[in-house]
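The chain below stands alone and is given in structure tokens; this is the form predicted alone.
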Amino acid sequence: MKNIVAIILAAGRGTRMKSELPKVLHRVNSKPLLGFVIDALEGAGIKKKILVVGYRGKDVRKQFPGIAAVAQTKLLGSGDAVKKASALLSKFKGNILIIYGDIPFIDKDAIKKLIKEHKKNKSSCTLLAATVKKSSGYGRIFRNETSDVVKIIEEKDASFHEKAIDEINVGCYCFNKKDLFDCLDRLKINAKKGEYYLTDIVEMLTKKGKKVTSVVCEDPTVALGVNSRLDLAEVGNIMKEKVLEKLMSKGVTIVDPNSTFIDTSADIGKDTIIYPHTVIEKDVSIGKKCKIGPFARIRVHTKLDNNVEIGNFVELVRTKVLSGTKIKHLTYLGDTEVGKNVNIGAGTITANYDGKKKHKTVIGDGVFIGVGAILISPVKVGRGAVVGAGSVVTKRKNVPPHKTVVGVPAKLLGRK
């Protein structure tokens, strides 16, 4: 998207979070709050972005190293934060999108619509609004008798009647650069809070006769921000519901959504069944017609091919499983490659960590692993081999194809 730059406000500590971690780095599923905002901006085609960081700004920059950042050394509010970013935009000509870094449900479509309306109306400012049931904690949008936006009233400054307004400021604006910068130079500190409110600029513009317009979100969850651990949990629950609804709409069966967690990044094929109390973490890919759970945990960087069965109390991490394989009970596989049509017996463990490094286990096609077997990596089990129940295959003692090993330590059947 040309002639637009985004300023992302990510300086606040979030005192109500009761945390040493900057608020925007708290996670919903596997992603920091700020990550959702950046993804939405990139999805909308906004290439140039400026992060305003403050509390533990180095941590925020480390998480998002590819984005230009400026420091707000004293946390004097959103208006001051934008002023800090304006130093990088002296030669920029175009519109400026300003967005808070803690609104994880913002999406590319809402941003695109905001910018489109802003350009179409040739407004000085276009803001994103939403009508919500619980407006406590949000700035209220005050309109005149002709429904034009007049100002934004922050919670602490609102009267009893103003607090009853249910249309709130989402925290995403598009400004004409010149009009924004003119107002920034004249912005005054709020006496009650000791901060410069960016929202005061809306009233400054309307008093000058400038055009201020709004775009109302159809989905009020877009407005949800995070200011406390309670908010974080609420957002997480809504995010989980959205993920599960999306998967079910694409042909995945989720037997009990209330007890199932699936990360936003997970990819699951149609006609797969997810049984209750299953956890599927980030960067997981599951094929078609699989059966997962109950009580399964599929961890990061795991890939399951089509027609794989993962049963109760099975944990997989950084593991690849090919089609037709069954891992039904009480098993841990870490850093493992499993071939086609393999049977993994109950209680099987790949011991992938030696105290210093993690190593790989490779199990070939058609292998049968008996109950309670332990494979100490690095090790390979050849195609069509059998590992007897209770056997311990020690590291680098590879099992040849189509052979059977038994015992502790495991040896070829028939050898002493």
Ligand code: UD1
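Quantities reported herein were computed from a predicted structural model and do not represent experimental measurements. Residue indices: 1-based, along the sequence shown.
Keep in mind that the form predicted in complex with this ligand is missing from the display, and what follows is about it.
Enquirer: Specify the contacting stretch among 285 to 293, 72 to 80, 318 to 326, 249 to 257, defined as having any heavy atom within 4.5 Å of this ligand in the model of the complex.
Expert: Checking each option against the 4.5 Å cut-off leaves 72 to 80.
Enquirer: Verify the contact flag for N169: yes if a non-hydrogen atom of it lies within 4.5 Å of a non-hydrogen atom of this ligand in the model of the complex, no if not.
Expert: Result yes; N169 sits at the interface with this ligand in the model of the complex.
Enquirer: E234: heavy atom within 4.5 Å of this ligand in the model of the complex?
Expert: Answer no; every heavy atom of E234 is more than 4.5 Å from this ligand in the model of the complex.
Enquirer: Just to confirm, T199 within 4.5 Å of this ligand in the model of the complex by heavy atoms?
Expert: Yes - in the model of the complex, heavy atoms of T199 and this ligand come within 4.5 Å of each other.
Enquirer: Look up in the model of the complex whether L9 has a non-hydrogen atom within 4.5 angstroms of this ligand, and give yes or no.
Expert: The answer is yes: L9 has a heavy atom within 4.5 Å of this ligand.
Enquirer: Is it the case that Y138, I152 and N227 all touch this ligand in the model of the complex, with a non-hydrogen atom of each within 4.5 angstroms?
Expert: Contact check passed for all of Y138, I152 and N227.
Enquirer: Work out which of I115, A130, M239, I103 lies within 4.5 Å of this ligand in the model of the complex, going by heavy atoms.
Expert: After the contact test, the surviving option is I103.
Enquirer: Would you give me the residues of 296 to 323 that have any heavy atom within 4.5 Å of this ligand in the model of the complex, in order from first to last?
Expert: Nothing in the stretch sits within 4.5 Å of the partner.
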